[in-house]
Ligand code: PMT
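So this first bit is one chain, no partners, the form predicted on its own, shown in structure tokens.
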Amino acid sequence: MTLQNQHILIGITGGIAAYKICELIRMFKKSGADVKVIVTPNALNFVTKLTLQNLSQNDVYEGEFTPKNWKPEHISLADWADIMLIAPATANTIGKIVQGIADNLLTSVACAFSKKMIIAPAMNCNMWQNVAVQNNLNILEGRGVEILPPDNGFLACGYIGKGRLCSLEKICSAVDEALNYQQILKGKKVVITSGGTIEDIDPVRYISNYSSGKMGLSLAKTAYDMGAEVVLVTTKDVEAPYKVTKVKSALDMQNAVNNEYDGSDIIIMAAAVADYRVKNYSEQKMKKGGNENLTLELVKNPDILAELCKKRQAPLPNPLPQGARENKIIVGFCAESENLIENAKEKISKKGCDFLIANDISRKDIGFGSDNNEVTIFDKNGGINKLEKASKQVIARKILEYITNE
């Protein structure tokens, strides 16, 4: 970990894990960082101001109305910091940040903070599982805040479960990666699709698939962190700091991607697009009547990936439309339940994309709905690179690094 001259602002809230942050400060200082600490009033029930001052070699900030210069404390601290870490983060503070409640110095700084923020929650396991807490965390993630989930173990309240502050090593690694992350996509526009398309049968029925959209969302978050201008075209409800276009059907998705095509540098088709749609949509709910069987006539949906690749091969207009970009990278995804290598090789040749990411959906521990994945990257020149099982966020980073380094 190398954090020489980096400015790290740590917010400590009122939880028993507050004492662990003393060692975390020491680790950051040892790596060369300049550390400042904000505490909530309740945090001082678990750790003293003098201890934090000695370890950080800086003043410890608690009151909101004690500025030492003309600039209000919460603004000057937000401007000073390169990153803000809140650890441990209580359910109370998390809820306040979500709602924009700025009733103490820490929440005021969080409200004014526009750079990278990492939150490491710690609380009773039942509080962690509370629907309101989980909804708040999902909202923060949607806004670009990185959440480091707590670990399982024995809790100070006597319970055993998920609620312990995650390891200091994990926190250090997340801060190090955030501060030293290579902005390899700065100046690039990346269009990503995610989720499973929905093809209506009638007002109450539809054809779809099991795609959760998590892989596409991980790619969008990671591309954004890498400095890209991101457009996420998705069938899911997503709150994000980048542009999100909500679509439903394959045709909707095709139109949305085509609208972004000219100005894009990279297009990643991670969505699970339905191969077929109903030929004759019924405006009224279909009645079963006395029929034992129902036959639906299906028609093929456009192959969005193949048509994008075909469009790229067409001669470019001269002059180029304003904002249009050349030399696009087009990436496809495929889900296979058997003969993954053979099927993927055939598909990349047929579709004409630069890369094809193949998922093995026969495995229950990866793929649809899972937070983990294991994929194989095929490139147009015949190269094959397998990415071993990891979180979808890690897989997303490796995919983006791989396709931009070729």
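Since this is a predicted model, take the numbers as computed values, not measurements. Start at 1 and count along the sequence shown; that's the residue number.
Keep in mind the form predicted in complex with the ligand is missing from the figure; the text below concerns it.
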property	result
The ligand contact in the predicted bound form: I94, any heavy atom under 4.5 Å	no
Residue contact check: K347 to the ligand in the predicted bound form, 4.5 Å heavy atom	yes
The ligand contact in the predicted bound form: M215, any heavy atom under 4.5 Å	yes
Partner contact for L105 in the predicted bound form: the ligand, 4.5 angstroms, heavy atom	no
Single option in A335, C309, L185, V98 placed near the ligand in the predicted bound form, where near means a heavy atom within 4.5 Å	A335
Selected contact from I304, A81, V175, A122, since only one has a non-hydrogen atom within 4.5 angstroms of the ligand in the predicted bound form	I304
Partner-proximal stretch of 155 to 163, 266 to 274, 105 to 113, 138 to 146 relative to the ligand in the predicted bound form, 4.5 angstroms, heavy atom	266 to 274
Stretch 343 to 366 - residues with a heavy atom within 4.5 Å of the ligand in the predicted bound form	K347, K351, N359, I361
